[in-house]
Ligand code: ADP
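Heads up, the chain below is alone and in the form predicted on its own; it's given as structure tokens.
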């Protein structure tokens, strides 16, 4: 099991007498090699959960285990952070060096990897995100999507087993978001890296193996995207909207058109409409 959370609670101290639970008695398991989308409105606990996965935060109660290692075990925290690579919202905050290949090499160098292996990893990671030709350039003159791909490459060079994208597409335009998602799905399919994609864009969950919806620090829904999106009325109540394709399919169903169940993608809707018309 890649990730196992058992009755995990995390509380923030507001003042000396008041605490707020960002995550509440949450139990969750994620199998290795899956692509999981984690969604929820602001304040639902998404980013807190992300930081719990690699020990940036330690649970107030319960246990978080990564490949069997508990984040509460100080002797295992280094291994956990090698296994769980984190990519955050703002790529500019993740840049270290003024040259791309030096920036990608930063992580492996701090792990004490030998120089020959670092060079191999830098080339491999940049190739995986489609940025090998930029290795000698400065990252600070690149687009947001390019910078975020470089941030992913920097994490990949550490060779993690789990890639956590914590709102990594939030500051990007549609093209940048598409670039980052394409890389994440390729890494999942080709390298079998477990991907946990945290987002507030519901449409980014369409191609995930599994969709988890957080609300008020708890799991509200958990299943395949088409199963979760079927609860569109309940999702609206917690301030989440299903993708427009699903909304259109639901409206057409209500108008008397027999589209069947589980339409969540544009191509599925088009195919079904062509069959009917």
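Note that the structure is a prediction, hence the values are computed from the model and not measured. Residue numbers count along the first chain shown, from 1.
Here the subject shifts to the form predicted in complex with the ligand, a form of this protein not shown in this document.
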Where does the ligand sit in the model of the complex: which of 29-37, 42-50, 231-239, 63-71, heavy atoms within 4.5 Å? 42-50
Should residue 255 be counted as a contact of the ligand in the model of the complex, where contact means heavy atoms within 4.5 Å? no
Exercise: residue 22 in contact with the ligand in the model of the complex, heavy atom 4.5 Å: yes
